[in-house]
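Shown below, as structure tokens, is a lone chain in the form predicted on its own; questions about how it binds or moves come after it.
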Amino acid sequence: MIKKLTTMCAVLLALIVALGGCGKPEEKSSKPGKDKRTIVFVFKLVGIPYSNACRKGAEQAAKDLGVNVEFTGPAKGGDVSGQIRIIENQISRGVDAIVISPNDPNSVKPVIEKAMAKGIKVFTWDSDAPDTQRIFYVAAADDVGIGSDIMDQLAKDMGGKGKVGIMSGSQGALNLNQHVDGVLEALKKYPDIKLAKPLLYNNDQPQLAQSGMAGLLQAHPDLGGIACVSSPGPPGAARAVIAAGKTGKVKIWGLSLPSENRQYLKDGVVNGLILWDPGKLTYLTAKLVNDYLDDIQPVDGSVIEDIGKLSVSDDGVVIMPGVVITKENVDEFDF
């Protein structure tokens, strides 16, 4: 009897040990997000309204796509070396994809090559680095064309004559330089509009946008308009125009968020904006990148719900539709 009891206890003990051992790997594999794909967006800088809107798009994409979508960037505008360090960190982490809005397209070339060599797929959005190994670039407008459109709108409001200034953001950003090229190209159509120098760079900082515009108004008291090709430009120019008592006398058109300019538009300080929803731009990019990692390429003419029809060129440029924002329709936009 004792022998049978001993045998039964031994069997029970073996079962308990076996069951306990089976539980360990299940606990280890249950950590949330461990096996999720990771896509990291590296912007020019963080903390300004435009990048905050982009971040929201990235966060929404993470929820909808079921992948890790992160958003980061340097803390100050024009910080080329800081942006490169962040990209290097993502390479060390071994993320699945890196999406960059370069402060300088040439400076990111070596890190893009390094990432691609390690099997990390690299893309650009918002601003391109075309002479690199990036796979495709997602833009919300033709980068030269949007500058031309801003100048055309400004020339119309100026009556085709006067002095016009140009304000950009980071001096090395390719997309901003192309916007400026578009303004200058369109300016050739208006012989009675002269360029007021110097060309202003605000490094995407609101205070520099305001102080730069104040300086331009002092240098050119007869300034008739300003074409702003980065988000802090129009509201910064508006504050300087108000302070100078020149509301309505200096026309302001540019690329900026409606939320930054809503009251300025309604008060007639800012005349109009040409833009896109940066949250949707980032969301779309995350979707296209995630699709690419699943071997699905962007297709020209495809229609994305709540975004519109895409244009895809042979050189890997994907363009989504943009909008013109004025005092009449500014309340339709919540970004």
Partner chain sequence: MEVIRKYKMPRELPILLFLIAMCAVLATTKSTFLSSDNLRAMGTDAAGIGILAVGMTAVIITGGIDLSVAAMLALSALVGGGLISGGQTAAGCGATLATGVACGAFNGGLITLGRMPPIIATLGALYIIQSTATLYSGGQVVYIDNRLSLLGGGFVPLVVTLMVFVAGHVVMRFTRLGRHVYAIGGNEESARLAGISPARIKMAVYMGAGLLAGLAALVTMGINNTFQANDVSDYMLGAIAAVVIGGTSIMGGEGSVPGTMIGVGISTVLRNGAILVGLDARWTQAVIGAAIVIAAIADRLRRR
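This one's a predicted model, so the numbers in the text were calculated from it and none came from an experiment. Rigid core here is just the name for the largest C-alpha set that superposes within 1.5 Å across the two forms. Residue numbers count along the first chain shown, from 1.
Same protein, other form: the form predicted in complex with the partner chain, not shown, and the subject of what follows.
Student: Have a look at V144, M158, L216, A139 for me and say which one sits with a heavy atom within 4.5 Å of the partner chain in the model of the complex.
Tutor: Contact with the partner chain in the model of the complex is made by L216 alone.
Student: Go through A97, I135, L208, L223 and name the one with a heavy atom inside 4.5 Å of the partner chain in the model of the complex.
Tutor: Partner contact (heavy atom, 4.5 Å) among the options: L208.
Student: With the partner left out here, if you bring back the partner chain in the model of the complex, are G47, Q171 and R239 all within 4.5 Å of it by some heavy atom?
Tutor: Contact check passed for all of G47, Q171 and R239.
Student: Please identify, from 248 to 256, 120 to 128, 199 to 207, 150 to 158, the stretch that has a heavy atom within 4.5 Å of the partner chain in the model of the complex.
Tutor: Among the listed stretches, the partner-contacting one is 199 to 207.
Student: Does Q60 reach the partner chain in the model of the complex if we count a contact as any heavy atom within 4.5 Å?
Tutor: Judged by the heavy-atom cut-off of 4.5 Å, Q60 is well away from the partner chain in the model of the complex.
Student: Contact with the partner chain in the model of the complex for S302, defined as at least one heavy atom pair within 4.5 Å: yes or no?
Tutor: No - in the model of the complex, heavy atoms of S302 and the partner chain never come within 4.5 Å of each other.
Student: Verify the contact flag for A244: yes if a non-hydrogen atom of it lies within 4.5 Å of a non-hydrogen atom of the partner chain in the model of the complex, no if not.
Tutor: Close contact exists here: in the model of the complex, A244 approaches the partner chain to within 4.5 Å, heavy atoms only.
Student: Looking at the partner-bound form in the model of the complex, is G212 within 4.5 Å of the partner chain by any heavy atom?
Tutor: G212 belongs to the contact set for the partner chain.
Student: Taking heavy atoms and a 4.5 Å limit, what residues of 248 to 267 are near the partner chain in the model of the complex?
Tutor: S259, E260, Y264, in sequence order.
Student: After fitting the rigid core, is the C-alpha of Q210 off by 2 Å or more between this form and the one not shown?
Tutor: Result for Q210: yes, a 2 Å-plus shift.
Student: State yes or no: after fitting on the rigid core, is the Cα displacement of A219 between this form and the one not shown at least 2 Å?
Tutor: Moves: yes, 2 Å or greater.
Student: Once you line up the core, how about A240: does its CA shift reach 2 Å between this form and the one not shown?
Tutor: The answer is yes; the displacement is at least 2 Å.
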